[in-house]
Structures are given as structure tokens and as C-alpha cells.
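Have a look below at one chain only, the form predicted on its own, in C-alpha cells format.
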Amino acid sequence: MTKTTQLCTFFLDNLFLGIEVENVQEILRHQEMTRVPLAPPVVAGLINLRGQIVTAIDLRRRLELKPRAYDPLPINIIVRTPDETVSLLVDEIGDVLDVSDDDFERPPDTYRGGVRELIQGSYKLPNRLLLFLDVDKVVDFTVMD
């Protein structure tokens, strides 16, 4: 019997990416952020989420993509990890998709180095490739150092 996984999908630059739905707490429009002096460049700032201070990670920087244009403003995907709650800044939200393990493949060979460590694999969809991110590694700044 084929196992399926539900992924929350989103767009960054020209990439179509997904993370497991059970890691997603909520999705918010752009939030005001407070810069953090001396933080790693991937940390865009801190947001106040109903009294909870949450680190916002610039996913473009984390995946070594070109910087985002000023408009449109990024969207926050609030994700829970075993250790913390963080915000991933993305360009646009997609749908929640059910993907089959039969369509899962290793990360494409075109991704090398540290970025490849952040991608668990890919799903071949009828009209595009969906990259499956490893949220735990994305929020672990020791990966890709």
C-alpha cells in the first residue's frame, strides 16, 4: 500500500517547495520584525507572535538564492520544531498537496553543497518538481556552516 504525505507548498524565486503540514502552526502575512545585531545573515529578525518572540529565517538566504525584491513583502510560515517555533519567510504560499511515496526521489544532482543537505528529496508532479525541505535542518544553523 502506498503511503501519502501532506505537504504545505510555497514558492521561492522559481522554486516550488514543500514542508510537512504537521510542522506548520500557521501562515501569516508580513509581520514587522526587529533586527538582531550580530545574528547570522539568515536571521531576518524577530517577530512578536501574540507575545511569543519568534525568529524569522530568510529562506532565500538559507537556500543561497538571490535576495528578494522589496515588493511583494514575504509571507511567514510559522513552523514548530522539537526545540522551537520559527518563521520561514517565503515569497508565495501554494496549496496543501497529498504526495505519494511512489513519486519520491533523492534530491536532484543539480543541488550541491550545503543546500543539498536541506532538501530531503523531490516529488515529480505532473507539471513540476516539488522540493521537500527538511525543516529541522533549515532551522539548525550548524548545517551548511
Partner chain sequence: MIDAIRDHFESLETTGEESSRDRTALFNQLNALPVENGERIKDEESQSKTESVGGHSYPDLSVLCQDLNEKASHPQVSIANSPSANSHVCQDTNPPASANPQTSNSTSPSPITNSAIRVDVNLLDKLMNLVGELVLCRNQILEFANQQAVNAEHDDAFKSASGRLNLVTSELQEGVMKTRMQPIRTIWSKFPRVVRDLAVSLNKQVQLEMEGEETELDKTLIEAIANPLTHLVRNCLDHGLDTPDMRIAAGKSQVGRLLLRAYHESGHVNIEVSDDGKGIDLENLKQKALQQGIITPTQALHMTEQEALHLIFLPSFSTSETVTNISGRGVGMDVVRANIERISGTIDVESRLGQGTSFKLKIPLTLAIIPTLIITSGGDRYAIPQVNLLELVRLDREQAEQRIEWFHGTPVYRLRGNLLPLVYLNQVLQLENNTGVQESSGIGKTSNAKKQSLIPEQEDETINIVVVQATEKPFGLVVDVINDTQEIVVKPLGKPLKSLACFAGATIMGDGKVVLILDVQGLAQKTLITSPEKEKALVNEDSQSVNSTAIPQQLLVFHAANQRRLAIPLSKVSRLEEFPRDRIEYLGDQEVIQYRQHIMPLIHLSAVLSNGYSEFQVRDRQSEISEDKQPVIVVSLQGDKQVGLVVDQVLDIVEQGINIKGVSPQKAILCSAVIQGKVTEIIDVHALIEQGLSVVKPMLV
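For clarity, every value in this text was computed on a predicted model and none was experimentally measured. Numbering follows the first chain given and starts at 1.
Separately, the form predicted together with the partner chain exists; it is not shown, and the next lines address it.
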| property | result |
| --- | --- |
| Partner-proximal stretch of 115 to 123, 100 to 108, 87 to 95, 33 to 41 relative to the partner chain in the predicted bound form, 4.5 angstroms, heavy atom | 33 to 41 |
| Residue 26 within 4.5 Å of the partner chain in the predicted bound form, heavy atoms | no |
| Contact flag, residue 78 vs the partner chain in the predicted bound form, heavy atom cut 4.5 Å | no |
| Close approach of residue 83 to the partner chain in the predicted bound form, 4.5 Å, heavy atom | yes |
| Residue 46: touches the partner chain in the predicted bound form, heavy atom cutoff 4.5 angstroms | yes |
| Residues from 51 to 67 in contact with the partner chain (non-hydrogen atom within 4.5 Å) in the predicted bound form | 51, 52, 53, 55 |
